[in-house]
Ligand code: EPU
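In C-alpha cells, one chain follows: the form predicted alone.
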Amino acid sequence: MTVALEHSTGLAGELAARVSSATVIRRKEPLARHTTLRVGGPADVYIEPANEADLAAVLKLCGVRGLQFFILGRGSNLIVRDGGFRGVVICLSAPEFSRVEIEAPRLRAGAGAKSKELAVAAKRAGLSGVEFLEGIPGSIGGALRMNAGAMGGETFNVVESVRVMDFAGNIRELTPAEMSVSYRSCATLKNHVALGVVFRCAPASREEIEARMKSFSEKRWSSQPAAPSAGCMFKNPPAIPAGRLIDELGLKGAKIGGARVSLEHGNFLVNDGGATAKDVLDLIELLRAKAKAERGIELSPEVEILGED
C-alpha cells in the first residue's frame, strides 16, 4: 500500500467517524467524472455531506488537521490538474442542499441546486429575473462563487441574501452589500461556503418567460460548442471580448493533444476526446502568449485551476 493510499484511507475513516451514515465518502475519486471538461486526476477524499451539521464537521476536521479542501459544484468553470487534489473535495449535491422553493416573488435555492432547474422552476411559477441561469451548466453555489453571468444577466444582480457557513462551521445570512462581489468573482465565498440563496424576482407571464428562455437557448446553441468544455475560458478584457480577440488572432481550431479552441466560439476550449488537463493548460498558455505578443492584451482565466501536475 502506498503512502498516498494510506493517507486517504486514514483520512476517509476519520471523516466517517464524524459524520452521519447518510454522508457519501469515497477515496481516490477521479475528478474528471465531476467536471464538465472531463479532465482531472483523483481527490484523496471526495465527500457529499448529507446536511449542514455534517458539512460543519468536515470543515472543522480540515481546520484542525490543516487539510486542503475544495467546494465542488457541478464542475463547470473548473480545470483539475492531472495529478489530482491532495486533500478533501466537498460536493453539496445531497437533497438537503439541492432544494428549490417558491416564495413568490422570491425563490429560495440550495447551493447544490442546478442553475437550469432553478430557471425552469421560476418559469413555472411565473417569476422573471433568473432566465439567464438556464444556460449556465453549474450549481447555484458555483454561480454565486463566480458571480456567473450570461445573456446580459449576472447572478448577484438578482440576489437578496445568501446563507453562508464559515470554515469554523458558523452560519449567517448576508446581503450582497455585505459581500465582496465583482465581475466573475465573489471574494467572500473564498473563505465561506454558500449554503443557499434567496433570489428576488418579478411576476411575469409564463409565456413571456418561456419566450425569453427560448431566445437565450437558441442564441447559446448557435454560438457555443456542444463538446465538453469548462464554459468561457477567459474574462473579457476591457478593450475587446476574449472570443473575438482569439478569432482575430486566427486561433479558432488551434489544438494541443485532445484540447482544441472551439470553432463555434473562440473563448471556449473543448475536449475532443482523450484530452488531459496538461493539454488544456498548455493551450491556455499558447492563447495568452499570442494575445500578449500580438495585441499587448493580458488574458486572465475565468475558470478556477485546481490541484497538482
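Not measured: the values here are computed from a predicted model. All residue numbers are counted from 1 along the displayed sequence.
Form predicted together with the ligand: not shown, discussed below.
- Contact annotation for residue 264: at least one heavy atom lies within 4.5 Å of the ligand in the predicted bound form.
- In the predicted bound form, the ligand stays beyond 4.5 Å of every heavy atom belonging to residue 48.
- Within 4.5 Å of any heavy atom of the ligand in the predicted bound form lies no heavy atom of residue 258.
- Residue contact check for residue 234: one or more of its heavy atoms lie within 4.5 Å of the ligand in the predicted bound form.
- Candidate site formed by 183, 219 and 244: every one of these residues places a non-hydrogen atom within 4.5 angstroms of the ligand in the predicted bound form.
- Per the 4.5 Å heavy atom criterion, the ligand in the predicted bound form is contacted by stretch 148-156, the sole one of 188-196, 103-111, 148-156, 87-95.
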